[in-house]
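Only one chain is included here, represented as structure tokens and corresponding to the form predicted alone.
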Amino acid sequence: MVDETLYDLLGLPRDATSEEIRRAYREKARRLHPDHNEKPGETQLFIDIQQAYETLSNPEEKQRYDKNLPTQPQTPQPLLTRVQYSRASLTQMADPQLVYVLLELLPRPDADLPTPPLNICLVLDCSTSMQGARLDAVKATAIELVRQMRPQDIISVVRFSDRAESLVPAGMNINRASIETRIQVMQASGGTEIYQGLEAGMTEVRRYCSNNHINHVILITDGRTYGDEEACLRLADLATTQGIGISSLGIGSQWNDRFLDQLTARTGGNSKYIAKAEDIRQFLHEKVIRLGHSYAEHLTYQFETGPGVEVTYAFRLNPETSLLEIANPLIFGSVPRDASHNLLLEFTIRDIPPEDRQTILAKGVITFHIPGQKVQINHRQRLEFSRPVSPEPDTEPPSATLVQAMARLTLYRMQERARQDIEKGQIKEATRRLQNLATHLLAQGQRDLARSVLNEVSHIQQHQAFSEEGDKKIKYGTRSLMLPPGTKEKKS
């Protein structure tokens, strides 16, 4: 058993700065406060966090504490990092400058760990709109997954409409025949209240939640929830502190993609668009397979930016494409054991002091855990992004890999901006952007997606708004283009 230090409690390395200590304390205290968190043991952890901060934020007490710490063993970092920049250097100028950073995180090549067990809950929308082919496909897929679970895996099932029911409580050595019967007799009725299902699903996952498991809630819905969005987002924040991920599969065109994107991004998960009921099986199977191939879980990046520097955009390219919520910490998600975790970050630099020869874009600490390890500890690795400042303009081109990622991000952001134009009533500007997007897609051989974009242009010109179906086809279609070369994702 590894003795936990005050730095471990705050999720920090021993060389943490006073600002990093303050930020880490504020973040943990906010999430663990007893008024918002009633999980057994969390109140004591909240008290321990307070005591750690009181010691480490006092320079004299910190110095005395550091002197008595045992020597930290030198071990290889469990994650390898590769960084590519869009600019070799920055220049002193009055105008803002953009820098794109492609970050690649990989398991160490000598990392040989057993596959961790799953602890997942399927939260299934059984509202009236799911009646028929959609619910039949969900039931058949859920039964298949139950049959494929290993003895060490834990699966639970929650059904919800305007109330929630734990159909299959979390447990091991389950009676599969009994579970299949319970799933098969599910019927559709009532409205859609996602908070009810999400809360019940998290309760089931918490029963066996530990860093030795992959703990995840998979929400499947085809409708919008009303009035409980903020409560759902608070649940997502709580899930992050407890090591629980949330992902969602949205069926058809009536669900709120912005809300589900925000909900899942807060835990490092993602949302997927499923156009047809017959695609549910493949999407859900792919999701469970990805969860089982995880190497490092719940990567969060607590950071400080340099003066005049701001993180203005963050996008995960792999293992699952997702727009990240701009916050501190940034929630990266998980690193697969058989591939890399790729992120594209956009930094805006608005001012460089005349005396600076190096600009810190961001510096901080990635925290994560590795479920397959015998001894569970919270890992921390330093991560810094910086660029030299040169009196001469940068003429060195970025790598082809980074150029391709930036080009595909541009396509995704074109449809984002078209959405924003329509919200402002700027219909001509929106259609112009989409026509431009279609031209670029045709040039890349994406004929089906380009056709969907042009069809949507006609709809917008007639109705002054996106159609529900066209909006999602374009958004998730351009998002799938962000995957690294050689990676396939099913397109709806």
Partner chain sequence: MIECPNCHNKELPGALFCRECGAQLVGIAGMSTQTIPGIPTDRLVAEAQKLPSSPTPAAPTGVAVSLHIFDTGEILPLEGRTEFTLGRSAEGQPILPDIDLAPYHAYENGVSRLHASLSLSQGQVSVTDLGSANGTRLNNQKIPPHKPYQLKHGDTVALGKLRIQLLICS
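It should be emphasised that the depicted structure is a prediction, and the values quoted were computed from it without experimental measurement. Positions refer to the first chain, counted from 1.
Omitted here: the form predicted in complex with the partner chain. The next part is about that form.
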Check: Taking the partner chain in the model of the complex as the reference, which of 231, 143, 403, 80 has a non-hydrogen atom within 4.5 Å?
Finding: 403
Checklist line | Sole residue of 465, 47, 69, 443 within 4.5 Å of the partner chain in the model of the complex, by heavy atom | finding: 443
Item checked: the partner chain contact in the model of the complex: residue 353, any heavy atom under 4.5 Å -> no
Notebook entry, point to check: Any of the heavy atoms of residue 64 lying within 4.5 Å of the partner chain in the model of the complex?
Noted result: no
Item checked: residue 459 within 4.5 Å of the partner chain in the model of the complex, heavy atoms -> no
Check: Does residue 428 reach the partner chain in the model of the complex, with heavy atoms at most 4.5 Å apart?
Finding: no
Item checked: Heavy atom contact within 4.5 Å of the partner chain in the model of the complex, the stretch among 375-383, 121-129, 97-105, 208-216 -> 97-105
Margin query: Does the partner chain, in the model of the complex, lie within 4.5 angstroms of each residue among 414, 432 and 439, using heavy atoms as the measure?
Written below: yes
